[in-house]
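Shown next as structure tokens: one chain only, the form predicted on its own.
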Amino acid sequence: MYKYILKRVLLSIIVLFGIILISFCITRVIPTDVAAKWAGPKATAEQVAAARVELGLDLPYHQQFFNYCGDLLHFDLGKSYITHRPVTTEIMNGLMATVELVILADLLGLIAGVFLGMYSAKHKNKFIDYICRFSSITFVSMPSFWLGLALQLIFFGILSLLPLGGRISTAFAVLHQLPDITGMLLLDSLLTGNFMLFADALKHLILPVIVVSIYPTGLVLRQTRSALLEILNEDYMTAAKSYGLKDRVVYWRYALKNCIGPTITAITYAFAYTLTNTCLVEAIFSWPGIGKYIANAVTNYDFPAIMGTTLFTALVYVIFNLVADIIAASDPRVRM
């Protein structure tokens, strides 16, 4: 196991280096004047030339790449060409808002996916099974931006039940001092006993959580159903049923326990995907997370922000892929 983990870590480092190299090359061949963005729209030619020297753009490409890698070793992702603030700081500012959204969405997806997957496997080849299988394909394939706009139209435009977007009501933010302990408003409001803030933040979370949870729900549903159908055909399951055990005991105590490994692996992949692919959802719901930051960086050709978020995304995928593989390899049946 230790050799396997060491091998995967070394391969992950190679993958990250390749991503850094590719993203660096792409940002250097895009036809745009980076120095002019740094100097500002009203900068003179002399100021643009000074900005090019300040940013090190007058150096050869290989020297720029070595300097960038050296900064990475000190956890320095550079400064945004638009805001002139460190990219690391800006990513961390929006990270916890996205983490709060993704944790709730994946938790909802895990619960709904497991229940629907078990129900589908229990009623194999019946009408409810076909409905669940069709739903799983729909959930995985459905465009998140379309679902987000549809829910806004229904629950805000027609029913006026939920807010259109944002993380909290504007009036509430103006009149009250928001706690900043963990960066997650729901948890911070509970820690400080501010239940009005909790209710307001929860109301703003409902729609984006539903939209983000659709993909993990479909993924977990399919994985749970597939693993459960395989387990239900095992001899020990037949023996358990022949002993006269109730269905809920057979399914929840024996079957689910043996299929939870693949399900956890699936939700691990889903967490990495949702954490780094919420750009459209956050843009639609005006959610101040890292997804919205990525969308703004791409729109404004903010290369340090683009490279920083690309590296962050790659790091998240590498870490969660490693965790998923370790979980899978920890199963004695897999190791054998």
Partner chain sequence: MESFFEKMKKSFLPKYKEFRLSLHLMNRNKLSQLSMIILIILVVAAILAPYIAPYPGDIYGEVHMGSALQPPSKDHILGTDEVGRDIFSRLLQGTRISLACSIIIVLICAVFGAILGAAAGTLGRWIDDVLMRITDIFMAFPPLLLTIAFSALLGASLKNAIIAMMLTWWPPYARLMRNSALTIRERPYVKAAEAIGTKKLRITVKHIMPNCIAPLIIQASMDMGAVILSLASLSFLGLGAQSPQPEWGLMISTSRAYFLNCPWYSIFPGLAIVITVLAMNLIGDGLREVLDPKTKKN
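Positions refer to the first chain, counted from 1. Rigid core (definition): largest C-alpha set, two forms, superposition within 1.5 Å. Please read all numbers here as calculations on a predicted model, not as lab measurements.
Below, we refer to the form predicted in complex with its partner chain, which is not included among the displayed structures.
Contact check at 4.5 Å (heavy atoms) against its partner chain in the predicted bound form: none of Phe65, Thr88 and Ser189 pass. Residue contact with its partner chain in the predicted bound form: Phe320 places no heavy atom within 4.5 Å of it. In the predicted bound form, its partner chain lies farther than 4.5 Å from every heavy atom of Tyr243.
Although the partner is absent here, Met92 lies well away from its partner chain in the predicted bound form, with no heavy atom inside 4.5 Å. Its partner chain in the predicted bound form comes within 4.5 Å of no heavy atom belonging to Leu59. Here is the short version: of Leu149, Leu72, Val250, Leu107, the single residue with a heavy atom within 4.5 Å of its partner chain in the predicted bound form is Leu149. Between the options Ile181, Leu164, Ala239, Ile260, the residue in contact with its partner chain in the predicted bound form by a heavy atom within 4.5 angstroms is Leu164.
In the predicted bound form, the residues of 1-20 lying within 4.5 Å of its partner chain by at least one heavy atom are, in order, Leu11, Ile14, Val15, Gly18, Ile19. Relative to the superposed rigid core, Leu275 undergoes a CA displacement of at least 2 Å between the shown form and the other one.
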